[in-house]
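For reference, the chain that follows is the form predicted alone, supplied as structure tokens.
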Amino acid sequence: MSTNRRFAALRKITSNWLALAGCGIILLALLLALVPGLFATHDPYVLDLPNRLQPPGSEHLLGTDDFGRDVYSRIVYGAQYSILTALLVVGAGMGLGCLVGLIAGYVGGWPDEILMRATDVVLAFPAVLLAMVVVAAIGRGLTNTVITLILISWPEYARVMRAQTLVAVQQEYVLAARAIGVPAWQIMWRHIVPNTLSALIVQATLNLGVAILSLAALGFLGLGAQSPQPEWGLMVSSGRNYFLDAWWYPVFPGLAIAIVTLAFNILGDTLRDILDPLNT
């Protein structure tokens, strides 16, 4: 991206209060995930049964759960499970999908057919439903959930990467590199991948919200993180039985999921507007 386009992108972000709010929320969430001890007021794992289901107050900002644990502190530590895990899922899924799409688009022929038909098979199933089936088959737990979400998230990136590669291989700089005998791996790594990153970054940013929701959904169903891990979806699931008497228990973790997911979606939409050549 040229200097002028960088300044234009910065102006678009700073002139859009929704984009600024989204970036601020994401930065705060990342800070909570990286250094939760700086923000938490209590140990998220220590039980305090005499103070179970206490409403929000000065001692417990967002109240306590059914074991007397501080809900605010558990939400802070839960950012590690929800946000950092989502980043891992999206990063690994993007890497795998990019490799598949790059090979399919550049090589073509029967490798393209095989890889794209495998992609179609995975895309044919609803993502969350497929994740539920796989996790139920291989076992519950956060590690199995992460592996499952990576295995079902790569096809989107493969499709995007293949489409971008098919366009790139027709460009003069790729044709010239082929003509002078540059190795295929070098052409793909040095010439094609850098010119396809914009679309992939937008797709990854939008998928971060989806990954957070998927992790929360599997945690809510008891297939993801397991107690006493302070994962947001699991906290909502544990608190739903106390909604009438202790509304704060499921509501605040649910709000954390909604706010962070919305922030990533806003950032993804903003990046799409900025990186789309038709809008610059």
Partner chain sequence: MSLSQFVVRRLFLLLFMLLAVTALTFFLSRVIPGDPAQTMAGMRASREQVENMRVRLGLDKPLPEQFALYLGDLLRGDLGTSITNNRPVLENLQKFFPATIELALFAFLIATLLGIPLGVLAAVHRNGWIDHLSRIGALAGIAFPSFWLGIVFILVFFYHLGWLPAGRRVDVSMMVSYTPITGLILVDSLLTRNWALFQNGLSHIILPALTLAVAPMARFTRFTRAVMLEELRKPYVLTAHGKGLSPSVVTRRHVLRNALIPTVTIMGLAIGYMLSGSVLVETIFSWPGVGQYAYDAVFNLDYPSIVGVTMLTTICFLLTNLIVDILYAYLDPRIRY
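Computed from a predicted structure; not experimentally measured. Residue numbers count along the first chain shown, from 1.
As for the form predicted together with its partner chain, it is not shown, yet the points below apply to it.
Engineer: Which one, 133, 167, 176, 197, lies within 4.5 Å of its partner chain in the model of the complex by heavy atoms?
Structural biologist: Of the listed residues, the single hit is 133.
Engineer: Scan 107, 182, 137, 88 and let me know which has any heavy atom within 4.5 Å of its partner chain in the model of the complex.
Structural biologist: Exactly one residue meets the criterion: 137.
Engineer: Could you tell me if all three of 18, 220 and 240 have a heavy atom no more than 4.5 Å from its partner chain in the model of the complex?
Structural biologist: Heavy-atom distance to its partner chain in the model of the complex: all three under 4.5 Å.
Engineer: Does residue 63 reach its partner chain in the model of the complex if we count a contact as any heavy atom within 4.5 Å?
Structural biologist: Judged by the heavy-atom cut-off of 4.5 Å, residue 63 is well away from its partner chain in the model of the complex.
Engineer: Does any heavy atom of residue 193 come within 4.5 Å of a heavy atom of its partner chain in the model of the complex?
Structural biologist: Residue 193: no, not in contact with its partner chain in the model of the complex.
Engineer: Taking 4.5 angstroms as the cut-off for heavy atoms, does residue 36 touch its partner chain in the model of the complex?
Structural biologist: The answer is no: residue 36 has no heavy atom within 4.5 Å of its partner chain.
Engineer: Would you check, heavy atoms only and a 4.5 Å threshold, whether residue 31 touches its partner chain in the model of the complex?
Structural biologist: Outside the cut-off, so no.
Engineer: With its partner chain left out here, work out from 182-190, 75-83, 117-125, 96-104 which stretch has heavy atoms within 4.5 Å of it in the model of the complex.
Structural biologist: Stretch with heavy atoms near the partner: 117-125.
Engineer: Using the arrangement in the model of the complex, list in sequence order the residues of 224-255 with any heavy atom within 4.5 angstroms of its partner chain.
Structural biologist: 233, 236, 240, 243, 244, 247, 250, 251, 254, 255 sit within 4.5 Å of the partner.
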